[in-house]
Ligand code: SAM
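Consider the single chain below, provided in structure tokens and representing the form predicted on its own.
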């Protein structure tokens, strides 16, 4: 894989790789999907611990090397595909909820993250992301980093920071440090929202479309609805129309989306 074209920086620090795999708490009954295994530093540590390991690698050259390296491992499957276009196995195909592990490519972190977390048959995920992206994922209401990515993650999962990783742990060396985050899928009861992911995304995207403006102005413009109607909905849900969207917690956005589903 050409790092300049696909944005991949290969993890070369084995101690970091060991910490990532240890954090996933793998067992001999697990099915793991590794996204973008690259040269296989994580693959070699995961394979002996699990029932099934599916490695999805977009680069044909790297996939070939992985097949050469792990060809004798009967529980390892190398898939030469773009993860974003790959039909993820169903629950009946895997037999149990899968675990995701990946050093996510910087240039396409959000699309992969959104796809993996919206998959209906996963349990936990351990992802290494650019530190700045990690700050956005883990941000609390009121923080500058809090926004659409934060809320979309919370729609599906509870994220928790594990540890930071120095840029010196990669080759070629990137310009930024990284953060490893563990995502735990919310229980069916916790995910029982009476709104769709698509609608929720539309609501929060409108709220953060003009971050420097009040939530009233940004949502009115983003949803193309009269200000008096947005004001009424905000007040009904205990939200001050004059605040900025980064001060609104996840549960308030859920309740706003519920009220808006018959309007937009």
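Residue numbers count along the first chain shown, from 1. The structure presented is a predicted model; accordingly, all values stated were derived computationally and were not measured.
Keep in mind that the form predicted together with S-adenosylmethionine (SAM) is not shown, yet the notes after this line are about it.
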Have a look at 211-219, 225-233, 191-199, 33-41 and name the one stretch with heavy atoms inside 4.5 Å of S-adenosylmethionine (SAM) in the predicted bound form.
-> 33-41
S-adenosylmethionine (SAM): the contacting residue among 11, 248, 254, 21 in the predicted bound form [heavy atom, 4.5 Å] = 11
Only one of 239, 47, 58, 26 comes within 4.5 Å of S-adenosylmethionine (SAM) in the predicted bound form by heavy atoms, so just point that one out.
-> 58
Would residue 105 sit within 4.5 Å of S-adenosylmethionine (SAM) in the predicted bound form, counting heavy atoms only?
-> yes
Hey, in the predicted bound form, does residue 81 get a heavy atom within 4.5 angstroms of S-adenosylmethionine (SAM)?
-> yes
Heavy atom to heavy atom, is residue 203 within 4.5 Å of S-adenosylmethionine (SAM) in the predicted bound form?
-> no
Evaluate residue 54 for contact with S-adenosylmethionine (SAM) in the predicted bound form, applying a 4.5 angstroms cut-off between non-hydrogen atoms, and reply yes or no.
-> no
